[in-house]
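In the structure tokens that follow, the same protein chain appears in two forms, which are kept apart as structure 1 and structure 2.
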Structure 1
């Protein structure tokens, strides 16, 4: 699966890779784990059962049938996948923490904190004010707003995690849709994709980049000058792609709106004190996220800070804010982490990584293509964090100690894992959050509609990425 937030660095990465290689060989437990994953995947696609219920049931099945019956009641692995012990370590809150194979509580806590912060901002009228201000700047024309929001999503995601970007922009988009009477779904889909694309441009933009950069000592500007260049070129094509897909729908939208009847942006602010406090809180969190590699504050700590200061700033409405948190999405992630942890511990993910090493041989051009496309396809369905963690020692081996080859494979892996997750609703955290926000507001996005537009966009960027890596490193 796509981009989950966590603090991962070279400290502990070797242990994580070693743990991955120590997973049991693919056999009966792996087959059972794969079957459970496929059942979960099918149920999520059909949407017959609520997603969080599906993942929790499948997570329970993973514990019972894989770690229980198939592996002889491995309570140590059950405990490891539950990962509760991670929260007792200093590195979980400050410094660097090993993600391991299981529930990523740092992501869960961070996401909960961001949800609380966003609800606090919405309560003060911040999002209505922002959408009205933006609408007024472009004279309430929907198509220009659509284009501006795509670019904004990509730029913000270069420095802020894609989850926060989508929580913010999806809320604005829905507020704006209510005012200008247009369907927000196409705009939210484009924002999700551009957030994932923007995140691929820098080391701090997406978790796989953090894993890869920390392990291989790549800097922020190393990524910016390589994956950043690829993302920049891709963004031009993606904006054009979504424009062609939705121009007719948005060209006609908003024409019957009486502009003179639209309220002044300031008039929608419900609490001026809370409004300015919410802006301050948001800016504080943005600074903490951008600088967390220097301050050593983990994303879990930043999430807690965001939640605490938001609730303290809204003491009277704190209970109401807590009720509005999307707990179903948080539970969805818990179940999904358990299922993916089961696949990692039973050797399913390692089997994919080993197959790449066998197929590639010494052909670097083929290595790049396979790593980008296999990583991309895998990341559309499987958590890209453990996949990236497993793949780092694989590409180190494939490079044969040659720095240029290693960097070529590293940027290929980054683009594949970052972009591949955009293809499906469960492929990246931003996707899950964006779809959840839309559904919560009464705009459900089914698998069919999502994949119809997002899968082709993913293929476009992966093709561009493959060609540009080949060109940039002189392989063709």
Structure 2
């Protein structure tokens, strides 16, 4: 079953794998690179300094101390890690390109484009309208709202970043909780989980997937037919799990409420023209993403298209939309890619890959389990973006240039990093935002309350993911 799911997007994989294995042997520059990385990681966790400043400074340190002092001013490597040249190649915009080590500009441009599109949608009131419309469709009954919002969260997160999904969904949930008199915490928790699960289904759903897909030239459809399938099966189990956990609480809630007093979904649309435009743009982008392996348009090109049409459709508010773009996150990625590029070019990542290879030998079954569970557990406690970024070159090395093995490990990594983050309040950005929105509304969610329901759900999906990857790729 597994091999035929692998589509054609393998051009350049052998070259990238070769580039990774060609890296310099581990030595003094590797030690310096590792120290810089560990300092960066510690600073990112402690949040003493803003994350983007941390990664940019550490990226600068990598250039200066590793490629400069330790390696004898290797300007060629500095240039290669900066990776600006990649944008001048046709393959960067159309077809496939060799990503190599360094800044993944395709990921950054795509993220920027999607941020602009999402800001345009939010400005027009799209998300609130969608939530209110669905609540009205189920006649404001709490248990159906609970189920519908979980599915909506997963579906939206397939195309839109999970932070935005949760930001709006959690706010509407609290609003409905006040009107219908129910406890919003279980609903917000289940929405968070489903957003992370939905994000794992597609290439653009979660930053680790964009990083993995862009670096390994995987298509939207590659993800949809692999991680998407796993996420779809998992969603059935997860909806059932949360239903069983909270059905008693929500079955009794929201009775004797006058539904005629509920707000009209249309009333939340701030700009009718912008509203229809944003739906149109969203649909165009979804079509472009789904078909990008056929149209050969790269994610960078789709990002640019999303941004340009959003700005053209909102000419008057374009400046405002551009101001709302999260430049800090984009800069965080730039710095992070430089640091990871430094680790890759100094043999650090090869060393880690070799260690994993020694543990697993030729046992791909074990390797898949290790990748899913180690990345899952790590992502529950540390930011999954740096983790996924360092793991991409590692799985390239582990695959030894074999496309099937590389894809198996890539989807394992995607599921591990995307799902593991759901287990704790700090594991993924959507969790932080959801918990924060709830706390600010007077419903604080501590570690105990969060993990009681989310950690078992995470384990369920990780087990399903492990089993399905084994099955899909013919390992059992």
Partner chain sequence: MAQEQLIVSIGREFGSGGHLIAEMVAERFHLPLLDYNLLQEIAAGKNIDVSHLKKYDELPRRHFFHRSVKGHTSSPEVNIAQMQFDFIREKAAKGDSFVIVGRCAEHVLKGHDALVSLFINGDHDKKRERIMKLYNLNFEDAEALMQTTNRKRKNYHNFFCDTKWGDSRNYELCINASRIGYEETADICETYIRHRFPDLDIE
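Numbering follows the first chain given and starts at 1. Predicted model, so just to flag it, every value in this text is computed and none were measured. Between two forms, the rigid core is the largest collection of C-alphas that superpose within 1.5 Å.
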Self-check item: Of structures 1 and 2, the form predicted together with the partner chain
Solution: 2
Self-check item: Displaced residue check between structure 1 and structure 2: residue 59, CA, 2 Å or over, core reference
Solution: yes
Quiz item: Is there a C-alpha shift of 2 Å or more at residue 221 between structure 1 and structure 2 once the rigid core is superposed?
Solution: no
Quiz item: Can we say the CA of residue 41 moves by at least 2 Å between structure 1 and structure 2 when the core is superposed?
Solution: yes
Quiz item: How much does the C-alpha of residue 353 move between structure 1 and structure 2, in Å, when the core is lined up?
Solution: 6.5
Practice problem: Give the C-alpha shift of residue 137 between structure 1 and structure 2, in Å, after superposing the two forms on their rigid core. | Solution: 2.5
